[in-house]
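First, one chain by itself: the form predicted alone, in structure tokens.
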Amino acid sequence: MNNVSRRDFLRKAALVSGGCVTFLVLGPGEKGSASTGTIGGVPLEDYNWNEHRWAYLVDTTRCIGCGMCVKGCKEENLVPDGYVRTWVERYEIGEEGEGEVDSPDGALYGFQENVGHMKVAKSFFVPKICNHCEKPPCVQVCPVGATYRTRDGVVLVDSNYCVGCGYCVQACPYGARFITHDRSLSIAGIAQKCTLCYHRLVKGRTTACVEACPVGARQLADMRDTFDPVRKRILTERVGVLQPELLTEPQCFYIALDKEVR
């Protein structure tokens, strides 16, 4: 009998069953999982999910579109060329109400002056990441339980279970996921996304993008820490979320989110 890997078996099982196979994934999957007993090198039993509840805050009034956050993320998470886990969009609104949006290379190299045909009335930058929704559609459609939400509020992908079907990529309304099929890469055929640098969180560190931002436009919040100043801002200031009508309950909150942003 030929040896068949678990991943190959799950892929074939999902196809045979019409995508109805489900598995219970019991622990975090970024750089480790329940099957390895660790997450980011930290034993699962040493991390208390009930002590934390992670959320994210973006202050669009501060973002300068420098792209340092995108660079920090790519270096920290070894994101392959041509892909990003977080990006920055530039919005330009003309005097006649027309608008343009661009994000060259995800803003990895910042932005050049946009010499367009319209007279710009206002311009601003909007950083974007996975929204780590309370009700994530990506989790609902995953046929093998590879995509899941941790007890402390982070949506992750367990590479040991992902079969690369792409359902989660199609289901995400925020365009936060990708799958590369470049077989020279170890992540080929596995769904990729922002993990809030979970391997850092379990060690008491903040995300790479927050650390890299020179103006404090990106901030991480622990909603179970009553002394957390970012938590206080989310609870007391006027914040918005992307596409609230979808009822996914995003946990990425924005200050001064313009109505043109989707």
Partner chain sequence: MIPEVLGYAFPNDIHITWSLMIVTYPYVTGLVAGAFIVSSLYHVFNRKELWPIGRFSLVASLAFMIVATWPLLNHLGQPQRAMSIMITPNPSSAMAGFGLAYNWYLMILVLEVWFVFRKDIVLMARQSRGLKRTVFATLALGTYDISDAALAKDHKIVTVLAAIGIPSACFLHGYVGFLFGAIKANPWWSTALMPIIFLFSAIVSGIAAMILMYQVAMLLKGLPIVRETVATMVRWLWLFMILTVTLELLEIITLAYESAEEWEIISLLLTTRLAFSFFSVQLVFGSLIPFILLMITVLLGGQMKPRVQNILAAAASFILLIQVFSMRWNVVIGGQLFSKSLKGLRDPFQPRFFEKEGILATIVIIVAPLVLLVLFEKVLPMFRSVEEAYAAGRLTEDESTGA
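Positions refer to the first chain, counted from 1. Everything quoted here is computed from the prediction, not taken from an experiment.
The form predicted in complex with its partner chain is left out here; the points below concern that form.
Using a 4.5 angstroms limit between non-hydrogen atoms, residue 102 touches its partner chain in the predicted complex. When contacts are judged by a 4.5 Å heavy atom cut-off, residue 94 does not count as touching its partner chain in the predicted complex.
In the predicted complex, residue 155 stays away from its partner chain, with no heavy atom inside 4.5 Å.
Heavy atoms of residue 160 reach within 4.5 Å of its partner chain in the predicted complex, making it an interface residue. Contacts between 215-239 and its partner chain, taken as any heavy atom within 4.5 Å in the predicted complex, involve no residue at all.
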